[in-house]
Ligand code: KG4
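To begin, one chain is listed below as structure tokens, in the form predicted on its own.
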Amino acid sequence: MKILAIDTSCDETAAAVTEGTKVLSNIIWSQASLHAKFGGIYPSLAKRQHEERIDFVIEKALKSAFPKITNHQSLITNHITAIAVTIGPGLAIALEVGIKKAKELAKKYNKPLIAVNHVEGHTLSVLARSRNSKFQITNYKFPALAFVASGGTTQLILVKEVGVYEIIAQTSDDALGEALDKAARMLGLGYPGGAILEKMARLAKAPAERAHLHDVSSRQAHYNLPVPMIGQENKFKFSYSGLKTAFYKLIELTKKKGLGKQQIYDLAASFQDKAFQHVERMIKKTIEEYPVKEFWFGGGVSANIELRKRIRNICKNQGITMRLPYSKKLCTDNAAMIGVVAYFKAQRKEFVKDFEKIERVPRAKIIDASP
């Protein structure tokens, strides 16, 4: 079963071809540099760019998956089993571009259409495997706890089995990725800033007694910032608005004393440390309440090396298997993860029955994917 998958949920135009959980191609065209001057996503620009690039991205995904076949119309007819597309959550006018194109292709080539939840894509991204992999991942055990952390989502999800989910904890305000981006913007590091903030944090000063250690995890925060929701983990909520406000005040205070490069490095490390302590405490509490056999980590923030280390230590201490996407390309928004979800949905015969009724769902929840 080969699936052509499309994702236009935000500012990446993405298309992929998957076979089962194997990724044959995964093409992403990012608009990040175009939105940087606005300090965030400019919706009408995102839609326009998706419309201009989607045909090119789809064609490139097909070429990459089937390099020896030049006639792409016959390729879809003869080699693609189904079309899959993200319907939400995401930016509404961006989502509609991908949905429109998927419906168009499904009608033209008489292919079944599969509607996919974007968060479910990040959740199952850890099950994807490269096209050169000889073995399919089949030894995963349930229940698993998935942590999806991206620009718009921060959720701990109990995966009872593929397709059956329960949201255990989610953010009450900013998502983790959004908070990291905003912290970077406050420091003048540009947009998107999460990855830049991570690089700056690596340059923070380590305590004198640990100066010989270069591992990021050995470095401690030098500035006094609050750990969000400390002592309130039983509420099962993430919150970053208070930390963000405290960080802004700290930056303004530091500016009066002089804000040089080293101060920026140390501030970045301090914010990241407190944000991640919040995550650690929430994960530990959740595992106490919901014993699980595996931990899955997906979404853009799953590319962060420091957070990976912290979560890996928790899993090691708890004897829990940790799974990450095999490539950092699968951490960001992409279509390959959509194809992986579509494969499992196709096995359950979950196809769109009426193409005209498929609509964008900007605030879709992963539990909507459960039967």
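All residue numbers are counted from 1 along the displayed sequence. What you see is a predicted model, and the numbers here were worked out from it, not measured in a lab.
A second form of this protein, the form predicted together with the named molecule, is not displayed here; the remarks below concern that form.
*Asks:* Work out which of E198, D266, D174, D273 lies within 4.5 Å of the named molecule in the model of the complex, going by heavy atoms.
*Replies:* The option sitting close enough to the partner is E198.
*Asks:* Find the only residue in I311, A303, V57, A65 having a heavy atom within 4.5 Å of the named molecule in the model of the complex.
*Replies:* Contact residue from the list: A303.
*Asks:* Hey, of 99 to 107, 71 to 79, 178 to 186, 159 to 167, which bit sits against the named molecule in the model of the complex at 4.5 Å between non-hydrogen atoms?
*Replies:* Result of the contact check: 178 to 186.
*Asks:* I'd like to know whether I320 contacts the named molecule in the model of the complex, with contact meaning heavy atoms within 4.5 angstroms.
*Replies:* I320: no, not in contact with the named molecule in the model of the complex.
*Asks:* Report yes if any heavy atom of I27 sits within 4.5 Å of a heavy atom of the named molecule in the model of the complex; otherwise report no.
*Replies:* Heavy-atom contact with the named molecule at 4.5 Å: absent for I27.
*Asks:* Is P228 one of the residues lying within 4.5 Å of the named molecule in the model of the complex, judged by heavy atom distances?
*Replies:* Because no heavy atom of P228 falls inside 4.5 Å of the named molecule in the model of the complex, the answer is no.
*Asks:* Decide whether L324 counts as a contact residue for the named molecule in the model of the complex under a heavy atom distance cut-off of 4.5 Å.
*Replies:* Taking the distances in the model of the complex, the answer for L324 is no, it never comes within 4.5 Å of the named molecule.
*Asks:* Mind checking whether each of T8, G88 and N117 has a heavy atom within 4.5 Å of the named molecule in the model of the complex?
*Replies:* No.
*Asks:* For the stretch 117 to 150, I need every residue with any heavy atom inside 4.5 Å of the named molecule in the model of the complex, listed N to C.
*Replies:* The stretch 117 to 150, when checked against the named molecule in the model of the complex, contributes H118, H122, S150 at the 4.5 Å heavy-atom cut-off.
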